[in-house]
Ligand SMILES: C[S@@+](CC[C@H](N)C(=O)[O-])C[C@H]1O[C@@H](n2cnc3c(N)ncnc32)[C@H](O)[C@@H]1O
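Before any questions on binding or motion, here is one chain by itself as structure tokens, the form predicted on its own.
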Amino acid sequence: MNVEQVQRAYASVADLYIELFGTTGQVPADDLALIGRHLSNRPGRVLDLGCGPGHLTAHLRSLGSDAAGIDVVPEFIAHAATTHPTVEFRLGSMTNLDVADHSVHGILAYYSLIHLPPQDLDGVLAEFRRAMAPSGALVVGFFDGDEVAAFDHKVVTAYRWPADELSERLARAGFTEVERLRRPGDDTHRPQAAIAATATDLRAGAGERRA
């Protein structure tokens, strides 16, 4: 699965997706609270990666964050820019952020990592850490499960991650988990989770790898 495939898949259902998920009313209240606790009033730029219709980017701005939204789907960016004209949105990919090292103070990746093949996750998290300022905050929303496995997402193939496994990947990339939410599945929803983490000192990890 590559970026172009994901872009085409979401572009084909953009209007329906915006109708179903394009406001914070469709976001669980505990997720909104978690996002607010860790990404509001940050001292610098916050990126909403895979921002979709832009509702969470605008929410972050309402909480006092200098938030900008980035997505690979032109239809989402066009909608977001029209709906939230005072917020910055631009086309781009989380695999190659066009920002300086350590220039970002927060990142929201809310169900935007789910289409990454497992072998690509570490590289994307490393890119997040490259961009992140010391003590920057990261919030990740994802589908939970007992093992890393693909499933037939309604738009395009996605992957579930055990929360402990994802936390370990975050630690390997230079992030320390500080809070976790988990929601069990039911007849209409798969198990879901969210992890908040802070950027840690990469020098210690580098020393451990050289040892």
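Residue numbers run from 1 along the displayed sequence. It should be emphasised that the depicted structure is a prediction, and the values quoted were computed from it without experimental measurement.
The discussion below concerns the form predicted in complex with this ligand, not included here.
Residues Val6, Leu56 and Phe76 are all found to lie within 4.5 Å of this ligand in the predicted bound form, as judged by heavy atom distances. Among residues of the shown chain, Thr82 is not one whose heavy atoms approach this ligand to within 4.5 Å in the predicted bound form. Shown alone here, Cys51 lies within 4.5 Å of this ligand in the predicted bound form, counting heavy atoms only. This ligand is not shown here, and in the predicted bound form it never comes within 4.5 Å of any heavy atom of Ser135. Proximity of Val72 to this ligand in the predicted bound form: non-hydrogen atoms within 4.5 Å are present. Proximity to this ligand in the predicted bound form, defined as a heavy atom within 4.5 Å, holds among Ile114, Val104, Val139, Leu125 only for Ile114. Within 4.5 angstroms of this ligand in the predicted bound form, the stretch 85-112 places a non-hydrogen atom from each of Gly92, Ser93, Met94, Thr95, Tyr110, Tyr111, Ser112, taken in sequence order.
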